[in-house]
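Okay, so here's just one chain, in structure tokens, the form predicted alone.
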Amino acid sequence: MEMNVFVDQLLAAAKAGGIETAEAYAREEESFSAKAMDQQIEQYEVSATRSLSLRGTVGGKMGYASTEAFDDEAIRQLVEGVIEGAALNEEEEQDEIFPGEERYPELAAEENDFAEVPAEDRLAIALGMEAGLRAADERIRLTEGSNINVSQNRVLLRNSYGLNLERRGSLAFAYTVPVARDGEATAIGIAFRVGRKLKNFDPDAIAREAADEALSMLHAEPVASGDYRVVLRWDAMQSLLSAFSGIFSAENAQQKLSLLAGREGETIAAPIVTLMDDPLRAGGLASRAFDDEGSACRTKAVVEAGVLKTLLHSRKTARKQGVETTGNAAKAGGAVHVAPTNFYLEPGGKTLDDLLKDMGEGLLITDLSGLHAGANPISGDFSLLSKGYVVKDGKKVSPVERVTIAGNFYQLLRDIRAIGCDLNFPGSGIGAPSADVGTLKVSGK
């Protein structure tokens, strides 16, 4: 059944069932994915998924239910689930259904070429990366795979007040992971492309970049433990920002899961640090005109010149704090939580080479692992397995691995000395440029 028709039936059933105000949130996604290994397509999948959630108020309390089924039984279960959920809801602060805004920002339509690129040409990108790796250097004879993923989605948000919103999104990304071997030494590299124009994906260029990364890490060794000046390359900086992005959520702050509660207006970072949340960013991977409650989205500085200007809010967290929502409501299983959109550290004017030259001696960290176990999103403490390069006289001189960098994210924000111009968004709405983060503790040999 067509999604709009089904949602009409669901909202009618919700009203008939005694749900006072109701909201339906539907999402459709089509995806294509393939993985090449050893010059063959090892995995290949085309899928289409649909999900639907209903939330509504009964007796002033909110209930939630969700499903992936689209039939009469699903409608019955959704309505009953909302009624049962509302009866069990004992939260002091309740969500509410938002009637909608008078107007919403207009975003340029996303343009992609997915319909013009048939499956065989998509597979050729994955196979081309594999072939490019083999041709790059005789020391690369293994890979962990070359992957291509393409997806398109559609979101509908409708409610009993007559709100009727729709947005569409699309994304393609390709990446390859070569393994270099020289004698007993092995090293792994990675390179990827993200975008909406598959015809711009050059498999040879991606392969060369990944191969260079793997080869440059051969014979890496740990450095002696100590305090080191550190530059985080954009991908490492993005990983760290992503791991700690939750500290800027008002929802987490109100649940005492962030140390930023009540600190709006305070200086929390170096003066050169500005953190933006920009749902209206042209071409952004998380751009949108409305959030998942139907609030209009807007661009805002979360941290500006080191000063915390706002946390990210849904309507519920904003009411609790007595402020306006920032338009950062997101749905998960029907319930509303707070999430960033295009969230990034604003770039500076220096290249990565400039940052290394200014640092002189220290470490360039290019990869962080163990972010789930080694990063505490409440205290801000982190201790992460890392790899990268020793820097002397402003130049990379030797690869480094099997070291752990440790620090505190809140303090790191204060210690940032310089920010690069190489802002990247590696497959998500969270992005970062390279940054000189001052001195960190390093555990090595």
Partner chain sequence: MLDQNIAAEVLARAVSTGGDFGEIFLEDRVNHSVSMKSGKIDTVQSGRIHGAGVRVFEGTRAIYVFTNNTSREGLMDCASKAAAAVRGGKGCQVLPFRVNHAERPEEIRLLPTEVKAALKAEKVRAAEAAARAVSPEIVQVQSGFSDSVQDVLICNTEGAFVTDRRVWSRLRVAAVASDGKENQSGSDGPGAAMGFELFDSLVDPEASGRSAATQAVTMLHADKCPAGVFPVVIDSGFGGVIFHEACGHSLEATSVAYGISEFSGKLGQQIASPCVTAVDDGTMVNEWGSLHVDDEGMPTTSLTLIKDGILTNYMIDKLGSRRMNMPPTGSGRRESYAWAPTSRMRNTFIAPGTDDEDEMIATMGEGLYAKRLGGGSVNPATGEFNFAVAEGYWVKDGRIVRPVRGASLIGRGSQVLMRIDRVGRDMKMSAGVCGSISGSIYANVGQPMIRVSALTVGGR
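Only a predicted model underlies this, so the values are computations on that prediction, with no experimental measurement involved. Residue numbers count along the first chain shown, from 1.
Keep in mind the form predicted together with the partner chain is missing from the figure; the text below concerns it.
- The partner chain is not drawn, but in the predicted complex it has no heavy atom within 4.5 Å of Gly362.
- For Ala406, a non-hydrogen atom is located within 4.5 Å of the partner chain in the predicted complex, even though that partner is not displayed.
- The partner chain is not shown here, and in the predicted complex it never comes within 4.5 Å of any heavy atom of Ser398.
- Contact annotation for Gly444: at least one heavy atom lies within 4.5 Å of the partner chain in the predicted complex.
- Within 4.5 Å of the partner chain in the predicted complex, a heavy atom is found for every one of Glu45, Gly85 and Gln255.
- Stretch 73-81 is the contacting one of 160-168, 73-81, 283-291, 231-239, since its residues have non-hydrogen atoms within 4.5 Å of the partner chain in the predicted complex.
- Glu92 is the sole member of Glu102, Glu111, Glu106, Glu92 with a non-hydrogen atom within 4.5 Å of the partner chain in the predicted complex.
- Checked against the partner chain in the predicted complex, the residues Ala191, Val302, Leu259, Val117 give one hit for a heavy atom within 4.5 Å, which is Leu259.
- Residues are counted as partner-facing when one of their heavy atoms sits within 4.5 Å of the partner chain in the predicted complex; in 217-246 only Ser225 qualifies.
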